[in-house]
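Given next, in structure tokens, is a single chain: the form predicted on its own.
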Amino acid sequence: MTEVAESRDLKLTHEDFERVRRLIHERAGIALALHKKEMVYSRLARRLRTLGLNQFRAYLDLLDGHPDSTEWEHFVNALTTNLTSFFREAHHFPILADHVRAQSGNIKVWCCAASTGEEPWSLAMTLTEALGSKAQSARIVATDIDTKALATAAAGIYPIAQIEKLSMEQRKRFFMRGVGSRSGVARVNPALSAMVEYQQLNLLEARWNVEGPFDAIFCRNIMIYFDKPTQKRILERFAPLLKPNGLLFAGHSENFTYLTDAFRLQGHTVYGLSSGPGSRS
């Protein structure tokens, strides 16, 4: 409501909006829906004001004419959505815990839409609870295209209200409450922090700077922003990065079954490799 209610000192024309849709698709693979015009106006108008521009066309010319400009980072950050929470879609975490308990060797998980960190920290808590002392050698690679979100994630500091849904044991075990001027926030503890490596990654890039194989890949609630051909390409690049019995976790509204033959559904929004153990090929 706040976005819609902003004063219209700037004008976003239909042509401007279509350019925004084209540019964010080319840069980040995001298929921006037609009904997102208000959101685009609100988020990009702030950036125009910061830059002292009075026309969206001038801003888009700046981007179009300078493909290496650092302004692209602001553009992508402004248009990406970072809705997340600790243990969101909670049914996945017991599945992950059972899976990693059954594995030998060091555990490695990729969280490819890390957002502001709640998901990778939830993964780290799950591995710690499932593996005990073995969790010290477990690693979580947490990536996202949004550099501002990643900075928040890496800091690992959250309002107390945000961790209230965790169990008392988890709050005591994995977080340190601030004191004095920081009494309203909590920070993840060093043991948890040591398990997670944050880095910027655009899933559209020709080369991903992540090294598999992974026991699990969490790719939840990000594919819905991509068109079907992009989803298919990304899924088929995930396949060689998973261990033969590795698991791919999707968001609740995402269905990969009809996109590629590389994965087979194993449970509610959880996939295994079609060529992995138990496949019928």
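Just so we're clear, the structure is a prediction, and the values are computed from it rather than from any experiment. The numbering used is simple: start at 1 and walk along the sequence shown.
Omitted here: the form predicted in complex with a small molecule. The next part is about that form.
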- Of 238-246, 43-51, 225-233, 57-65, which is the one stretch near the small molecule in the model of the complex, taking non-hydrogen atoms within 4.5 angstroms as near? 225-233
- Have a look at L203, V185, A154, L192 for me and say which one sits with a heavy atom within 4.5 Å of the small molecule in the model of the complex. L203
- Item | the small molecule: the contacting residue among Q162, Q136, Q103, T81 in the model of the complex [heavy atom, 4.5 Å] | T81
- Decide yes or no: are A97, R173 and D215 jointly within 4.5 Å of the small molecule in the model of the complex, with each residue judged by its heavy atoms? no
- Message: Using a 4.5 angstroms cut-off on non-hydrogen atoms, would A28 count as touching the small molecule in the model of the complex?
- Response: yes
- Would A113 count as a contact of the small molecule in the model of the complex, using a 4.5 angstroms cut-off between non-hydrogen atoms? yes
- Query: At the 4.5 Å heavy atom threshold, is I145 in contact with the small molecule in the model of the complex?
  - Reply: yes
- Message: in the model of the complex, does R88 come within 4.5 Å of the small molecule, counting heavy atoms only?
- Response: yes
